[in-house]
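Two forms of a single protein chain come next, each set out by itself as structure tokens; they are called structure 1 and structure 2.
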Structure 1
Amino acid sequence: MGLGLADVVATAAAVADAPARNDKVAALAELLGRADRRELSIVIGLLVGDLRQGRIGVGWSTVGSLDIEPVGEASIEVSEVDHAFDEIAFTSGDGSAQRRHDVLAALWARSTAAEQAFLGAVLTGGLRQGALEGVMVTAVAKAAGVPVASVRRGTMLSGDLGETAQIALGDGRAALDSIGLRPGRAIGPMLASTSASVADAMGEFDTAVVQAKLDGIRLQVHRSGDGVRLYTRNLNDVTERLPDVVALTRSLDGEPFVLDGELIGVGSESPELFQDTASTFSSGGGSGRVDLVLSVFDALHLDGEDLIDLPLETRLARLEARMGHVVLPTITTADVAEAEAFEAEILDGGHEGVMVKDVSSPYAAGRRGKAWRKVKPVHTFDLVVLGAEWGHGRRTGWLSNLLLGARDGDDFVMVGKTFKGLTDAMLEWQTAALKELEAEPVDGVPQDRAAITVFTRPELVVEIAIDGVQRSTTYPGGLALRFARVKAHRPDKIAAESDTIDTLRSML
């Protein structure tokens, strides 16, 4: 008898109900202890909402349209769920939508109400049990009786928690610790935290490496012999899409190697807009509208040697010696003024900002550490609230997502939405304030989500921070905000004095 889906559902419920992380871990570890080797990847995939088969093309709309009577008694095994997901994932071509739907419906028809709800949550990314991969790593360690650090390390180097769990529980500590970086296999990329300024970021370090932050797509570049593999930040294999980058990679010295870099569209003088980089990237490189160029900023493995535990300074020296011509603009300095001058130069070149890194730090794969800090300019504007959407999940009952307008003469044109930057107190306040302003929508406000939207008179001013603007075909002003977040409500200001669409346009 294999593990039942009902066992997984019961554990998920226990995890969701337990506020303390330790209790979540205990519940997960107990379940892992009951799974056999083959089931581990499946169970982990279900419970962290990241299936073994990746995304299978079933989302909110499909799940919501299923109206199938649940059964009273649980009978499905997790291996059967896995099999159904496999079938859905690998079916394509004419008529495939129907076949995929049939497989899903058959699964639903055999499920209890609780199982249907759980599977639906998994497929729509709505688990909300307060435990995803981070907690699961700890649970795997507990179930296997090994240190969390070992599991974390194995997961980052293998890029796969399910596989790591199989090794930890099945083969033991020694096998787990022998997982190593292997050119050709993706590894979790090191992530950065944010600093408000270069001076802030440098305050933490004796000496800093400062590098241009390019507004493109993170790319992990592997080469072993003639074998080349290219992975995105989320470890998706995009090798086939980027023949030019593959050719470049084959031309570099020092294989086997693993590099960390950024892929960016480059025009005659300045970098292209991110939109154009992304467009070219997703439609297959060579035939795109812009030239995609790889810039490298770190080396994890070079000349067949692991570098991740060596200081950044050493990694960069090795990188520079081997392939200096593909390394992006970099300086090493202890002087804040020098770093700021470099930042100004980079921004002047049309780039996004700079990264400030501790010169002595190892490559912390898969971690968001303080050794790397990103510094990007922030722009602030006074915009006007045109409406708000009711929130979901922990924001249920609050007006959450604000519809933002810029002034255009006496009118207002919508330029984006945001739900970010709001504290619970601000949500409470704006919910009451916006209800008072409820009105018919003004012109130029999309009404596709009218059912969950409260439209308002354009009166409440909000201070909005953005990273920049981008072209838009969905908003009437032809422009949309990038990474908008609320800094403050400004009921003391009047809408007639808010910022204009022309001011925003000047940023394009």
Structure 2
Amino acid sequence: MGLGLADVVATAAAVADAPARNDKVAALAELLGRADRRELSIVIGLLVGDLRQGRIGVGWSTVGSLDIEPVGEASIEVSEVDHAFDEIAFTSGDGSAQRRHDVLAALWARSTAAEQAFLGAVLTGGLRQGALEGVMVTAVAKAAGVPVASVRRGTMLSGDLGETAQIALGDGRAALDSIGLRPGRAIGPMLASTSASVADAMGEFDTAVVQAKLDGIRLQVHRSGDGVRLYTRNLNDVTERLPDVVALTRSLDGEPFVLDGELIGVGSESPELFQDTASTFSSGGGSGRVDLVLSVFDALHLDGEDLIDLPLETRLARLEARMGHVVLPTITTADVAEAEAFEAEILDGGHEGVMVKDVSSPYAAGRRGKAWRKVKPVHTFDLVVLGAEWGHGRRTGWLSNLLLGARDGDDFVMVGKTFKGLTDAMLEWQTAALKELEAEPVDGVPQDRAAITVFTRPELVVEIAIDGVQRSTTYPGGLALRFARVKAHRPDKIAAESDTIDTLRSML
């Protein structure tokens, strides 16, 4: 008999109640140790709220409509849940909506009250038990008796924690450590921290690589023979949208390769705003007004060899030798004045800032560390929308005033509101997007204006420009944003990559 859904639900409750991270890890590891190999991906997907099937098209309204009496005794196995989600995900054609509803209703009719609540939270993005991927990585390592670093590395190279767990628990450390980067299979991008100035960033390194920071779409470029795959920072496959980039990729030397780069819209004289780049990108580059140009800034795999463990200066040298004509503007220096002069040149060219990187750093896929620093002339942060208030006056009918949250451990804490910077087009887009994310409020969000507020799942990332922060008792985070304004909606980013409350507090 397979692992029961009730076991997963009980573990989720234990994790939610656990006072310390080690207790959460222990509870998860115990459950993983009882799952067989085929169940691991299912269990991990359920517990981190990231189903093996991805999004299956079931949201808040569908779950809320399932007024079905729960059973008293648990009997469902996790493999049965997975099979039901497969049916829902892959059912299409005439009558598919009803068939999908029937499959979900049949699952609900066999579930206990606790199981119904858990599955509803998983499907609507409301899971809040603290089993985020970082905790789960540690739990997999504990269950398998291998170093956390090996599981983390295996996950970032395979792009799939469930697959990595199967290898770790089923085959052991040697097989885990043999996982390599495979062209055609996306991996998590390396992320940057924020520095207030070039001088601050340069102070962290003996010698730095300084590169232009483009305000575009992060793009991971894979080629093996004539096979090309293009992935966004969220690891979405966008190959079919970008035929010109595919053609360019096939013209580059050094395959098989995996490159990290940025896709930016270029108008007649200067780089375009992110919104214009994103609009052209969404339409497959067919608008004609904006050209999408790929600039490469790193090589992860070249000539069939993994490069991620090599120093950045070595990776760049290999990259320049093979395809220097597509590498974005870059200098290597230990001189702050030279780096600042380069920054001024980049800003004069219409770009948003520079990246300052440790010349000796490896490529830490899927992680945000201190080896890469982004420097912009204004303070910008990636925050998460926790809700929005209905507008009035000329904004009547639109969700306008955004409730902004910063990442705080496994949760999000509110740090302010803003309606500034939003164009009519942005208001129209965010109203439609936020209606799709409607949910119960995140803990700590003030509800004194709940009648005019739509609370949302913390998924939509917005890039917010601020002049600074100040101490405040108004918001749960203990600070408030000064002159916050929306620079861009960033649906290409995920909430787990957003900035933390500690980053904002460091500005006090």
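We call the rigid core the largest set of C-alpha positions that still match within 1.5 Å between the two forms. Given the structure is predicted, the values throughout are model-derived calculations rather than measurements. FYI, numbering is relative to structure 1, first residue = 1.
Matching each structure to its source, the form predicted together with the DNA turns out to be structure 1. Once the cores line up, the CA of G261 ends up less than 2 angstroms apart between structure 1 and structure 2.
Annotation for K357: C-alpha shift under 2 angstroms between structure 1 and structure 2, rigid core superposed. Remark: with the core as the superposition reference, the CA shift of V486 between structure 1 and structure 2 reaches 2 Å or more. Comparison between structure 1 and structure 2 places the CA of L403 7.5 angstrom away from its other position, after core fitting. Taking the core as the reference frame, the CA atom of D424 shifts 32.5 angstrom between structure 1 and structure 2.
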